[in-house]
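Only one chain is included here, represented as structure tokens and corresponding to the form predicted on its own.
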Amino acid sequence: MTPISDTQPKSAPSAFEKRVKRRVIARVHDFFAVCPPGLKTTCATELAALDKDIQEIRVLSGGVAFKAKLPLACLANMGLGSPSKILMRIADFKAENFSTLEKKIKQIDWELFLPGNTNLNIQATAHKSRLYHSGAIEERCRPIIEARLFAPGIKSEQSLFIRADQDQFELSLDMSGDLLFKRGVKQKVISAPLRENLAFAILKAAGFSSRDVLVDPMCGSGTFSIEAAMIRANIPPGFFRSFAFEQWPGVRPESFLYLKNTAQKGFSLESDPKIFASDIDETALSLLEDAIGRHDFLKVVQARATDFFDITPHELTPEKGVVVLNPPYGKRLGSQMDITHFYTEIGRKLAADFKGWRVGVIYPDKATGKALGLPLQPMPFFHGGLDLYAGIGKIQ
């Protein structure tokens, strides 16, 4: 991969740029990483390891709060694998009537945070507040904000979250744009695929590292395999995508390009197979093969149309590593197969052929997990409207 160019002619900063630097770039701000249920601990661990200057990491309802300067929050968007999005808190105040709300909104220097050509999506929620009508809150706030953000040109899509709880208002800007599980690697996916941040968290829970081999024998379109290949290559989860914050006045293009160049220098690309992906669904497998053909870091993935029950791991690799499975359940399994029997057979296969391997197996309920017959710890998570589990452990 060729380094990204960050050479731009530099000129003296304007008065506006000095304001942005003083009020936005130089200050420590509050941020909130929104996480799916079951992934908050993983996110907090990631944040603590990302940079020592990320402070006051706290696991809260719905995600993880932290304090940092804006450039580090940009790095968090690119470098974290588990959250869904990252919000920047820009205001916190009490308002018991619309007059106070409008006054507080006018006091915010919106032009320092958002680009002038913003197409603003406002999402307001209210709980136990005198200003309980979310539509009215949006209607009062929008014209005040947009009056400060008028500029010609192609509109930049930005989102503002306004949350009122017992008359206390909290305003947050969405840094991420598209949800962070959208890595920018796949061009096509099968219906209802496993989300990348869930696959990442399951791999981490199973102890997968940059030195491990992976067997992914029910790979579908390859979510586990692609996440594992990024971990092995030391590629940040968000390296291949763009973010809403890239249009913000407080994010200098050359600074973000420097972060990406620094990350790129740490890539470790391989060509020998270390990740073994297979599936009986050749259509899904072709989507993984398409991604392999477009990304050098995926050369480490070997994809084959093979049934899980026909796999012998020592024929793939002499090393023991991690095996992950996302078996079909519900509609994916069909009405002709008994799910308990199916998971029992999966457990027997793992116990017979994968001794010494660490394992992560997704299952839909505790009874099905019990049918595996393996000493696995349940990791609950939520996906596709369902409460699911990943069984994590080691096969003795």
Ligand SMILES: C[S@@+](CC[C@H](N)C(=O)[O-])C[C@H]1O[C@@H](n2cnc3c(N)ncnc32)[C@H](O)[C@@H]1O
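Residues carry their position along the shown sequence, with the first being 1. In this text, all values refer to a predicted model and were calculated from it rather than measured experimentally.
Another form, the form predicted together with the ligand, is not on view; read the next lines as being about it.
Engineer: Decide if the three candidate residues P83, S210 and P236 all line the ligand in the model of the complex, where lining means a heavy atom within 4.5 Å.
Structural biologist: Judged in the model of the complex, none of P83, S210 and P236 sits within 4.5 Å of the ligand.
Engineer: Of the listed stretches (121 to 129, 275 to 283, 101 to 109, 136 to 144), which one has a non-hydrogen atom within 4.5 Å of the ligand in the model of the complex?
Structural biologist: In the other structure, the partner sits against 275 to 283.
Engineer: Considering non-hydrogen atoms and a 4.5 Å limit, which listed residue (S255, T306, N117, T317) is close to the ligand in the model of the complex?
Structural biologist: Checking each option against the ligand in the model of the complex, the one that comes within 4.5 Å is T306.
Engineer: Just one of A244, L194, L298, I90 has a heavy atom within 4.5 Å of the ligand in the model of the complex. Which one?
Structural biologist: Looking at the other structure, the residue within range turns out to be L194.
Engineer: Using a 4.5 angstroms cut-off on non-hydrogen atoms, would G220 count as touching the ligand in the model of the complex?
Structural biologist: It does: once the ligand is placed as it appears in the model of the complex, G220 has a heavy atom within 4.5 Å of it.
Engineer: Is there a heavy atom of V322 no more than 4.5 Å from a heavy atom of the ligand in the model of the complex?
Structural biologist: Outside the cut-off, so no.
Engineer: Report whether the minimum heavy atom distance between N326 and the ligand in the model of the complex is within 4.5 Å.
Structural biologist: Close contact exists here: in the model of the complex, N326 approaches the ligand to within 4.5 Å, heavy atoms only.
Engineer: Does any part of I190 reach within 4.5 Å of the ligand in the model of the complex? Heavy atoms only, please.
Structural biologist: So I190 counts as contacting the ligand.
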